[in-house]
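Single chain ahead, by itself, as C-alpha coordinates, in the form predicted alone.
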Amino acid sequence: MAVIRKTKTVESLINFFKKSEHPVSILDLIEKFDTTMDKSTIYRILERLEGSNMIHSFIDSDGVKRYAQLKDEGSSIGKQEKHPHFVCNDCGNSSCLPVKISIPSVPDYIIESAEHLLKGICKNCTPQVK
(Lines give C-alpha, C1' and ligand atoms only; values in the text may rest on other atoms or scores of the structure.)
Protein backbone atom coordinates (compact mmCIF):
# COMPACT_ATOMS: atom_id res chain seq x y z
CA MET A 1 0.00 0.00 0.00
CA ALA A 2 1.40 3.38 -1.02
CA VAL A 3 1.70 6.22 1.46
CA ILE A 4 -0.32 9.26 0.39
CA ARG A 5 0.89 12.70 1.44
CA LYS A 6 -2.02 15.13 1.40
CA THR A 7 -0.53 17.80 -0.86
CA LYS A 8 -2.71 20.34 -2.67
CA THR A 9 -2.52 18.32 -5.89
CA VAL A 10 -3.48 15.08 -4.13
CA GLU A 11 -6.37 16.84 -2.37
CA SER A 12 -7.54 18.27 -5.72
CA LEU A 13 -7.72 14.81 -7.29
CA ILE A 14 -9.36 13.21 -4.22
CA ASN A 15 -12.01 15.95 -4.12
CA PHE A 16 -12.63 15.58 -7.84
CA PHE A 17 -13.29 11.84 -7.43
CA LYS A 18 -15.60 12.45 -4.45
CA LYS A 19 -17.76 14.72 -6.63
CA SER A 20 -17.59 12.61 -9.79
CA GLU A 21 -20.64 10.48 -10.57
CA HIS A 22 -18.98 8.45 -13.34
CA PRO A 23 -15.55 6.94 -13.92
CA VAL A 24 -13.32 9.43 -15.70
CA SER A 25 -10.68 8.83 -18.35
CA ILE A 26 -7.05 9.73 -17.91
CA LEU A 27 -7.44 12.08 -20.89
CA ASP A 28 -10.25 13.97 -19.13
CA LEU A 29 -8.18 14.23 -15.94
CA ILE A 30 -5.21 15.65 -17.85
CA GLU A 31 -7.47 18.22 -19.52
CA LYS A 32 -9.24 19.12 -16.24
CA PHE A 33 -6.01 19.67 -14.27
CA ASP A 34 -3.92 21.05 -17.14
CA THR A 35 -3.31 24.40 -15.45
CA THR A 36 -2.48 23.05 -11.97
CA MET A 37 -0.36 19.94 -12.55
CA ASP A 38 1.50 18.17 -15.33
CA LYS A 39 0.75 14.74 -16.78
CA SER A 40 3.42 12.90 -14.86
CA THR A 41 2.14 14.31 -11.55
CA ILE A 42 -1.39 13.14 -12.37
CA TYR A 43 -0.18 9.65 -13.30
CA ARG A 44 1.96 9.42 -10.15
CA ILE A 45 -0.93 10.48 -7.87
CA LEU A 46 -3.36 8.10 -9.58
CA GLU A 47 -0.93 5.23 -9.08
CA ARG A 48 -0.64 6.04 -5.36
CA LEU A 49 -4.40 6.47 -4.90
CA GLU A 50 -5.01 3.15 -6.62
CA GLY A 51 -2.29 1.47 -4.55
CA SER A 52 -3.99 2.77 -1.41
CA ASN A 53 -7.40 1.43 -2.53
CA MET A 54 -8.91 4.91 -2.74
CA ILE A 55 -9.68 4.58 -6.45
CA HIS A 56 -9.77 1.76 -8.98
CA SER A 57 -9.33 1.64 -12.73
CA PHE A 58 -10.51 -0.32 -15.73
CA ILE A 59 -9.99 -0.24 -19.48
CA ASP A 60 -13.07 0.90 -21.43
CA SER A 61 -14.23 -0.33 -24.83
CA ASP A 62 -11.95 2.19 -26.60
CA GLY A 63 -8.86 0.98 -24.72
CA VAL A 64 -8.79 4.11 -22.54
CA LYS A 65 -8.09 3.73 -18.83
CA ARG A 66 -10.83 5.11 -16.58
CA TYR A 67 -10.67 5.79 -12.86
CA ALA A 68 -13.38 5.86 -10.20
CA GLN A 69 -13.48 6.32 -6.46
CA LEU A 70 -13.99 3.17 -4.45
CA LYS A 71 -17.17 3.37 -2.43
CA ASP A 72 -17.42 3.11 1.35
CA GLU A 73 -17.46 -0.26 3.07
CA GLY A 74 -21.23 -0.13 3.64
CA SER A 75 -22.13 0.55 0.03
CA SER A 76 -23.23 -1.94 -2.58
CA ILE A 77 -19.74 -1.83 -4.12
CA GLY A 78 -17.29 -2.41 -1.29
CA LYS A 79 -13.57 -1.74 -1.36
CA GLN A 80 -12.49 -5.30 -2.12
CA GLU A 81 -15.44 -6.52 -4.22
CA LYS A 82 -14.98 -7.25 -7.90
CA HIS A 83 -17.68 -5.58 -9.97
CA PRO A 84 -18.46 -5.07 -13.64
CA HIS A 85 -18.34 -1.77 -15.47
CA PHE A 86 -20.81 -0.50 -18.05
CA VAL A 87 -20.18 1.75 -21.07
CA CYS A 88 -23.10 3.28 -22.97
CA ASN A 89 -22.86 2.86 -26.75
CA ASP A 90 -24.81 6.12 -27.28
CA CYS A 91 -23.43 8.73 -24.86
CA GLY A 92 -20.14 7.03 -23.94
CA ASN A 93 -20.67 7.42 -20.18
CA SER A 94 -19.32 4.63 -18.03
CA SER A 95 -20.34 3.45 -14.58
CA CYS A 96 -19.53 0.91 -11.92
CA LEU A 97 -22.38 -1.58 -11.64
CA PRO A 98 -23.52 -2.43 -8.09
CA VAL A 99 -23.31 -6.20 -8.45
CA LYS A 100 -20.69 -8.63 -7.20
CA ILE A 101 -18.69 -10.78 -9.59
CA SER A 102 -17.35 -14.15 -8.51
CA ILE A 103 -14.06 -15.10 -10.08
CA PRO A 104 -13.95 -18.88 -10.43
CA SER A 105 -10.88 -20.86 -9.58
CA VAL A 106 -9.46 -22.74 -12.56
CA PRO A 107 -7.21 -25.76 -12.09
CA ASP A 108 -3.60 -25.14 -13.12
CA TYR A 109 -4.12 -21.33 -13.32
CA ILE A 110 -3.56 -18.51 -10.86
CA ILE A 111 -6.04 -15.74 -11.63
CA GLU A 112 -4.67 -12.45 -10.36
CA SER A 113 -7.23 -10.06 -11.82
CA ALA A 114 -10.27 -9.92 -14.06
CA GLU A 115 -12.15 -7.13 -15.79
CA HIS A 116 -15.77 -7.27 -16.85
CA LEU A 117 -16.96 -4.59 -19.26
CA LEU A 118 -20.59 -4.60 -20.30
CA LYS A 119 -21.72 -2.46 -23.23
CA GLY A 120 -25.22 -1.32 -24.16
CA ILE A 121 -27.59 1.59 -23.69
CA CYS A 122 -27.78 3.44 -20.34
CA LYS A 123 -31.01 4.51 -18.64
CA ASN A 124 -30.55 8.11 -19.82
CA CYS A 125 -30.31 7.06 -23.49
CA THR A 126 -33.05 4.42 -23.45
CA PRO A 127 -36.16 5.69 -25.25
CA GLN A 128 -39.02 6.15 -22.80
CA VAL A 129 -42.07 4.03 -23.64
CA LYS A 130 -45.38 5.86 -23.17
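In this text, rigid core is short for the largest set of C-alphas that superpose within 1.5 Å between two forms. In case it trips you up, residue 1 is the first one in the sequence shown, and so on. Everything numeric here is computed off the predicted structure, so don't read it as measured data.
The same protein has a further form, the form predicted in complex with a further copy of the same chain, not shown here; the description that follows concerns it.
A.B. asks: Quick one: of 36, 53, 102, 40, which gets a non-hydrogen atom within 4.5 angstroms of a further copy of the same chain in the predicted bound form?
C.D. replies: Residue within 4.5 Å of the partner: 102.
A.B. asks: Can you work out whether residue 31 and a further copy of the same chain are in contact in the predicted bound form, taking contact to mean some heavy atom pair no more than 4.5 Å apart?
C.D. replies: Taking the distances in the predicted bound form, the answer for residue 31 is no, it never comes within 4.5 Å of a further copy of the same chain.
A.B. asks: Under a 4.5 Å heavy atom criterion, is residue 69 part of the interface with a further copy of the same chain in the predicted bound form?
C.D. replies: Heavy-atom contact with a further copy of the same chain at 4.5 Å: absent for residue 69.
A.B. asks: Examine residue 26 and determine whether its closest non-hydrogen atom to a further copy of the same chain in the predicted bound form is within 4.5 angstroms.
C.D. replies: No.
A.B. asks: Might residue 8 be said to contact a further copy of the same chain in the predicted bound form, defining contact as any heavy atom within 4.5 Å?
C.D. replies: Looking in the predicted bound form, residue contacts with a further copy of the same chain do not include residue 8, since no heavy atom lies within 4.5 Å.
A.B. asks: What residues, if any, in 102-126 have a non-hydrogen atom within 4.5 angstroms of a further copy of the same chain in the predicted bound form?
C.D. replies: 102, 103, 104, 106, 108, 109, 110, 111, 112, 113, 114, 115, 116, 117, 118, 119, 120, 121, 122, 123, 126 sit within 4.5 Å of the partner.
A.B. asks: Would you say residue 118 moves between this form and the one not shown, meaning its CA shifts by 2 Å or more once the core is fitted?
C.D. replies: Result for residue 118: no, shift under 2 Å.
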